[in-house]
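Shown next as structure tokens: one chain only, the form predicted alone.
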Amino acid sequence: MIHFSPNIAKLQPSATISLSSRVKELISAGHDIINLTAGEPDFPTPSFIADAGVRAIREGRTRYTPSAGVPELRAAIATDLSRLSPHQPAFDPASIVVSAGAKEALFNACFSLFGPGDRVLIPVPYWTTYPEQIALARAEPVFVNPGGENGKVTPEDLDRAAASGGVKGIILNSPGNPTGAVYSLEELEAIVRWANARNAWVISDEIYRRIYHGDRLAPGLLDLDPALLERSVVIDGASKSFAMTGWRIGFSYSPLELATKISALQSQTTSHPSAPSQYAALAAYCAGEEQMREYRTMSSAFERRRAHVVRLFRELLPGVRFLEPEGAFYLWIAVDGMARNGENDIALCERLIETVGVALVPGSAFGDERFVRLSYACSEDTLERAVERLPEAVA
């Protein structure tokens, strides 16, 4: 028997990735299953981005880069942040560290900021990776149950969770996975002020910020007064907005002193993200008006899909409750309107796969077994076929 290091002894694999992989295996074996588990855009990477990656390879840009990323990409991301938050001062490229996906950027921040004895607040429901990465840093994840079901917390919720002390940070996610909920700017400011008063860090995962069903762009931490952000980290990346999941490009924006430490940590782990991927991302962040049409096409498609799946549920499953998403591409569906004979979320998802061939993710993977998650990052036709199968299983 192997005795593992306590660093990973209790580590669990990603529930969403594991389930998606299992469903893909069943489909490969000939089973008729519609897979609505993956949090991944179904669009190909826009051609001008892919061409930039290929060009980088052909031009020999395949060698080591600076640990924090190539300077041109960091500068382009800083310029893009200025476009997203135009009322703020210029953003410093030196405060940006480009990583192998937003997941690594999040890990770097957690590992650099938290350690044994620290408690980190995580609103429920949460993305499955948050508690595991906190545990890898030897800190303690503390789950915050808000008054509502959408995962958005208030300073009052945080007060209750932090009553026993030792809180070093909080992880926010807006637009949220799995609920699609979005914090208003006023709500974000209240949480940042709460954290600042306790010398706690705020890590804001904004990977879905551009996939917003409001007017323009979901509110983000960098829209706040910079004086409030001395203990804040923003996590973002190219995966969702530019359909670049496999290219593995994310980044963190943080105070310069922390960015320097994160870069040093990354230099001792992955060294840096893939060089060709960085040059592909550079094209994404430098996109001109004509090239941005592909991005806007994807955004419009997500909006149509959201409207389509909401309409289908209301027409075909009127007794099933769900949260209407404000951003991202997930529908958070209550189990109590779909379960039979006291089924929990896991049993429900197993039955849906076996009886009607629709794969959803159990809410317990996100800390809330009262719900299941449906990803509408797929075609409207696929969504329609999937939802049309569900009444048979729910009746």
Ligand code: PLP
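Sequential numbering from 1, following the sequence displayed. Because the structure is a prediction, the values reported are computed rather than measured.
The form predicted together with pyridoxal-5'-phosphate is left out here; the points below concern that form.
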| item | value |
| --- | --- |
| Contact check for 332, 368 and 371 against pyridoxal-5'-phosphate in the predicted bound form, heavy atom at 4.5 Å | no |
| One stretch from 274 to 282, 84 to 92, 232 to 240, 67 to 75 that, in the predicted bound form, holds residues within 4.5 Å of pyridoxal-5'-phosphate by heavy atom | 232 to 240 |
| Among the candidates 127, 107, 194, 302, the residue which, in the predicted bound form, approaches pyridoxal-5'-phosphate to within 4.5 Å (heavy atoms) | 127 |
| Listed residue that, although pyridoxal-5'-phosphate is not shown, lies within 4.5 Å of it in the predicted bound form (heavy atoms), from 152, 213, 103, 210 | 103 |
| Non-hydrogen atom contact residue 173 with pyridoxal-5'-phosphate in the predicted bound form at 4.5 angstroms | yes |
| Residue 357: touches pyridoxal-5'-phosphate in the predicted bound form, heavy atom cutoff 4.5 angstroms | no |
| pyridoxal-5'-phosphate contact in the predicted bound form: residue 177, any heavy atom under 4.5 Å | yes |
| 4.5 angstroms heavy atom contact with pyridoxal-5'-phosphate in the predicted bound form for residue 39 | yes |
